[in-house]
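Below you will find one chain, with nothing else, as structure tokens; this is the form predicted alone, and questions on how it binds or moves follow later.
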């Protein structure tokens, strides 16, 4: 498996020298300076490639931009709103520019409004570090009593509403604002300027869109871009919903194995694939990573290896959770890696050029020197390096080639 590292560009608190020292083989990046629906210019792609290929000293890093995460799908595309054709055209043009630059793997998601949702970005841990956390009661307090979303009371059982009411009453103005900012932060951090009215505006656009319609919009998007991606030699891979259950009354359509099977089967192509994120999918107690890999292995083009631990409170199909250390959460990462290595072996036997699956250690805890840096939540240097070292050790223990150089 090929070890990669997410890098947010020049503003990232981790530099290329540190990535090399961590043993990274390739880089995952994106041009977050461009809003969804805008073409990624070829010259800006080249600039990012040069930055990745260069150490702070000016020497060659030996690294390359190997995976795009993410080429964002705009809300216009997700809702099929006015301007849809222009946004599709921009997406197709960006794919062409990326292919011309030699980048082959493009990750995206189809989550409405927010890329991911947490209520605390730096929750204290017993060992002194911090982690990201989703508390269902805190989220309900925001939804019901800060945002005041229409219809929100229908989405929570009475006991959850009462606990959320008490939680909200105990928050002062600063704590309420902090909760709001944490929830709308998402990734990458472009959403932290949204007001409550902005959020309500986005939710109103989704009022007529249920899960069936959003799923059809996804299929329509795939029909527009997958044939082109196949012609260009690209592999598209959809990231799952995070968390894998409905929030803010918004539909979710990529939360389970059955969701993926439907989307990948609707536009059947080697270019239409999945990003296996064990942390996002693993929040669902029914998630079986080995079954996922055995069912969809040929179409897994990228893997996020991280872990989450479900915690109280939980109501219905929704639960609180926190980002665990990579080998300590609810998902069996060893079994996951064993299945991924078996999939790689199958691909090699078939003669597939893309047999080596790129993965990255996702969402590390802030530990040691990370605590002073306070970089992008979930993306510390030392916490992720710990995760990468653990994953590398498991791969070696299972007989995998941790130095595979094939792209």
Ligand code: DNO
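Only a predicted model underlies this, so the values are computations on that prediction, with no experimental measurement involved. Positions refer to the first chain, counted from 1.
Not pictured, yet referred to below: the form predicted in complex with the named molecule.
Engineer: Taking the named molecule in the predicted complex as the reference, which of 202, 304, 87, 235 has a non-hydrogen atom within 4.5 Å?
Structural biologist: Contact residue from the list: 304.
Engineer: Have a look at 370, 362, 66, 344 for me and say which one sits with a heavy atom within 4.5 Å of the named molecule in the predicted complex.
Structural biologist: In short, 362.
Engineer: Heavy atoms within 4.5 Å of the named molecule in the predicted complex: does residue 182 have any?
Structural biologist: Flag for residue 182 set to no.
Engineer: Test of understanding: in the predicted complex, would residue 70 fall inside 4.5 Å of the named molecule by heavy atoms?
Structural biologist: Residue 70: contacts the named molecule in the predicted complex.
Engineer: Even though the partner isn't displayed, in the predicted complex is residue 109 close enough to the named molecule, meaning a heavy atom within 4.5 Å?
Structural biologist: Contact check for residue 109: yes, within 4.5 Å of the named molecule in the predicted complex.
Engineer: May I ask you to state whether residue 115 is within 4.5 Å of the named molecule in the predicted complex, using heavy atom distances?
Structural biologist: Heavy-atom contact with the named molecule at 4.5 Å: present for residue 115.
Engineer: Looking at 310-318, 289-297, 100-108, 225-233, which one sits within 4.5 Å of the named molecule in the predicted complex if you count heavy atoms only?
Structural biologist: Looking at the partner contacts, the answer comes out as 100-108.
Engineer: Out of 225-242, which residues reach within 4.5 Å of the named molecule in the predicted complex, heavy atoms considered?
Structural biologist: The one in contact is 239.
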